[in-house]
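In the form predicted on its own, a lone chain appears below as structure tokens.
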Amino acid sequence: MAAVASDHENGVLMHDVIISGGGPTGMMLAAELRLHGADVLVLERDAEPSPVVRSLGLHPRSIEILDQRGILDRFLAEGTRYPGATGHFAGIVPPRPVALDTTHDYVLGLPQPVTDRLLTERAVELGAEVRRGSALVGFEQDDDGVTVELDDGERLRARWLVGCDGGRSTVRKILGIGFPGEPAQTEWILGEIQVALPADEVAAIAEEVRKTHRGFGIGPVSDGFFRAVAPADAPADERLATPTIEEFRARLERFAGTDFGAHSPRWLSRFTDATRLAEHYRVGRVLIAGDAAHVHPPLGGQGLNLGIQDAFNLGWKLAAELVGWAPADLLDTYAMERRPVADDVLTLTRAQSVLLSPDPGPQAVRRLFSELMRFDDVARFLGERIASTGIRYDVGGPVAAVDDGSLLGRRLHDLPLADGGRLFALLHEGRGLLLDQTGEHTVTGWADRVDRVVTTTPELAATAVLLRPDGHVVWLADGREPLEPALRRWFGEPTR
């Protein structure tokens, strides 16, 4: 790798990459970069891990990503599987489960603090340095790198900086990247509390309230606590302010006619329906990912998953740039591929927000959607959009203007192999993969970055496929395109 932590330049410590933000996006990115030997420093503003449970689970594509890197077992051990849950859309449940193209057709129920902890442990065990209680307050970049200023006045230097620092991203603001969209119209208060009423009475009241107010909810979580959410009158002037238990009781009382005897909050937080998408994901040697690049209501639970998937797409490309074999525009494909995905997620959350409105018009559309979701194709279409299993990137080659069913640009699910192995086990190191069922192809010249495995699988029609480190197909042995241009396009020039 081009730099190590002990290198110095202009009197400040030199890293390959500094990541601002130690949430799931930042930690996933740190782990991906460390797979390739990059020197990574993660700066996290909070001195201690946050107890706030904004996300409740992982979707199939995120689960696949963890499996592709060989760490899924540690997440499964602490989560609960909910088969078919990805078919829900704005709370509408299809009458029949619809199978998706994945071996992980379930939502993994896992509170965000657990996900954060497991991703942090992964990054640290791979060698990432994490500084808690340390915030970026400024930076300057030049042709060779980025000089970062911390809140204590320390200055650090890195070849690249990535802002994974949330919807109010300091990195994005300093870059001057536009963040157009819709400002918050509605705010919710969310928290984990103890209640005085019996659990069965709480459940009965909540069921009745949700008939007319779908933005309200309360239910047991663990250790005698209940997770509750209630709309506020309007977005607070200062949403950084933590809600008080008195404010939360007033919200519960207004919608449920009782405050449930709420007391002793474990944590309280706010979130809104603000929906925004960054105009750019990169300026020079600085990039943004996760909520720094896109914010939206939590409907469908896609926010955390979208950030993890951003990091998975970016990690190997930025590592290739650091190592030196990246083609000239490889890093630009990060924004080219991920920004449209985020735009699509914003469309989904906007649509679900409308369907949750109690007004007569949206309720009429909701009834229509409920009828449409009786068709398996409709339910599968929406399920794939939420699960992110239907994503198809433009990877070049003979891709039709409309979806032609080709694997090109898609990710493969975890195929069983004839030798008793499975596809995802071949992707643990984050390298490219040529899966060759005939033994007729070679990666000579690219063997330092692409593995070649000769085996067969009954589920793959193509005689050979080339996969990027993120598992997306960039070449098929279908006779239309030779292998070498695809190797050069995605893995640079061959070594001598």
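The numbering used is simple: start at 1 and walk along the sequence shown. Source: prediction; values computed, not measured.
One more form of this protein, predicted in complex with a small molecule, exists but is not displayed; see below.
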Next item on the list: Name the stretch: of 68-76, 321-329, 159-167, 89-97, exactly one has residues whose heavy atoms fall within 4.5 Å of the small molecule in the predicted complex.
Entry: 159-167
Notebook entry, point to check: Which residue, 357, 186, 370, 112, has a heavy atom that falls within 4.5 Å of the small molecule in the predicted complex?
Noted result: 112
Next item on the list: Scan 43, 31, 427, 466 and let me know which has any heavy atom within 4.5 Å of the small molecule in the predicted complex.
Entry: 43
Note to self: Check residue 127 for me: does it contact the small molecule in the predicted complex (non-hydrogen atoms, 4.5 angstroms)?
What the structure shows: no
Notebook entry, point to check: Is there a non-hydrogen atom of residue 271 within 4.5 angstroms of a non-hydrogen atom of the small molecule in the predicted complex?
Noted result: yes
Note to self: Residue-level question: is residue 291 within 4.5 Å of the small molecule in the predicted complex, judged on heavy atoms?
What the structure shows: yes
Check: Should residue 56 be classed as touching the small molecule in the predicted complex when contacts are defined as heavy atoms within 4.5 Å?
Finding: yes
